[in-house]
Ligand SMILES: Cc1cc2nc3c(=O)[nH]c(=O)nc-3n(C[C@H](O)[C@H](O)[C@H](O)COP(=O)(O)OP(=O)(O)OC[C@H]3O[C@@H](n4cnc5c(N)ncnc54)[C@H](O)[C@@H]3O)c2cc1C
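Shown here is one chain on its own, the form predicted alone, set out as structure tokens.
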């Protein structure tokens, strides 16, 4: 179904239009620093702020304009999520799995404190809860098990039978659901802008439109070559996530960027908005090629997802998402789309985040679409590790495998997509 477009329709990110990141001068960076952070997303900015607060001189580089990337393009869902529940993590990884579950919840608490604590970042945050929706009867037992597993491990979560869903979602397309109370929604571009301001206030030098092109040397005496001159650095932290490039080829081979797209409706009548989402939850279904949707602070619905793992243009993705949105929520028929945009998600082979050190260079990557909480906290924790105030996070002990035939991923991802589509049809 072709999307109904408003007279104000643009293929731009709604969030980015509604927030203004701090202005930083276009200038050559300092010639030396204790720490150079490559990537000015949530991970890099959190690392910079923490390291600067510990007394380190810090330079942050980004090849794009500050606020351009995925940190301000995403759905704004703050979820303490790994791609496995607590019992499965412990079975697979032993005590490290238990610690990963604890730390992903620490990540949620860290972000919630950033936005609700003293001097909190103004970003329209609200503890909404997550509604996970079983897209087919085949998924009901898995959702039921997940709710029980989380509750048994101290997380407020509860299972919903089909007949209980009307109080949570205005759709008859789902077989069951689960509510995870410890989830929130925020305005991602306002949150990112607030993190940038905090990093600058801590004394960080932020240089956007300044690409790092090469890293040479060894720990304690690195030399980072940039498009605006070299920087001598004691430590380097790469926080490029889905936008990893040749500056650290080893890391680039260990994640695949996958496109995700979002549409935003015009502002909804309040009664229609309530009919779609009576509780205002963050909503996600159980497919591999999943949909995610929520109400925005200004009363729109944003609806995101992807048809396949290979990239398409924004108009194609927009029409696919619009058709899916109307099928799930027929009460939105006749509602126009104001904005449509896309971005990239970093997918790792094991669908887990990774962090650590390679060749003396620190890094964090691969939150697999759940990065608002996890990636922000990983930047903070890795800065603590770099400055010697905390051990590395538990995910640093995971084996970080390369993507098979990484250079050919674009040719075989469509086959993976077909497999996912078949699984999702059950």
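Positions refer to the first chain, counted from 1. Values in this document were obtained by computation on a predicted structure and should not be read as measured data.
Keep in mind that the form predicted in complex with this ligand is not shown, yet the notes after this line are about it.
Novice: Would you mind picking the one in 176, 321, 345, 82 that has a heavy atom within 4.5 Å of this ligand in the model of the complex?
Specialist: By the 4.5 Å heavy-atom cutoff, the listed residue in contact is 345.
Novice: Please pick, from 101, 303, 108, 243, the one residue with any non-hydrogen atom lying within 4.5 angstroms of this ligand in the model of the complex.
Specialist: Selected residue: 243.
Novice: Can you confirm whether 29, 206 and 231, the three residues that make up this candidate site, all sit within 4.5 Å of this ligand in the model of the complex, judged by heavy atoms?
Specialist: Spot residues vs this ligand: no contact at all.
Novice: With the partner removed from view, which of 92 to 100, 244 to 252, 325 to 333, 146 to 154 is the stretch that lies within 4.5 Å of this ligand in the model of the complex, judged by heavy atom distances?
Specialist: That would be stretch 244 to 252.
Novice: Even though the partner isn't displayed, in the model of the complex is residue 292 close enough to this ligand, meaning a heavy atom within 4.5 Å?
Specialist: Output for residue 292 is yes: heavy atoms within 4.5 Å of this ligand.
Novice: Just checking whether residue 194 would be counted as a contact of this ligand in the model of the complex - the rule being heavy atoms within 4.5 angstroms.
Specialist: Heavy-atom contact with this ligand at 4.5 Å: absent for residue 194.
Novice: Residue-level contact is defined here as any heavy atom of the residue lying within 4.5 Å of this ligand in the model of the complex; does residue 239 satisfy this criterion?
Specialist: Looking in the model of the complex, residue contacts with this ligand include residue 239, since a heavy atom lies within 4.5 Å.
Novice: Does residue 260 make contact with this ligand in the model of the complex, using a 4.5 Å heavy atom cut-off?
Specialist: Yes, residue 260 lies within 4.5 Å of this ligand in the model of the complex.
Novice: If we check this ligand in the model of the complex, which of the residues in 24 to 47 reach within 4.5 angstroms of it by a non-hydrogen atom?
Specialist: Going through 24 to 47 in order - heavy atoms within 4.5 Å of this ligand in the model of the complex - the hits are 38, 39, 40, 41, 42, 43, 44.
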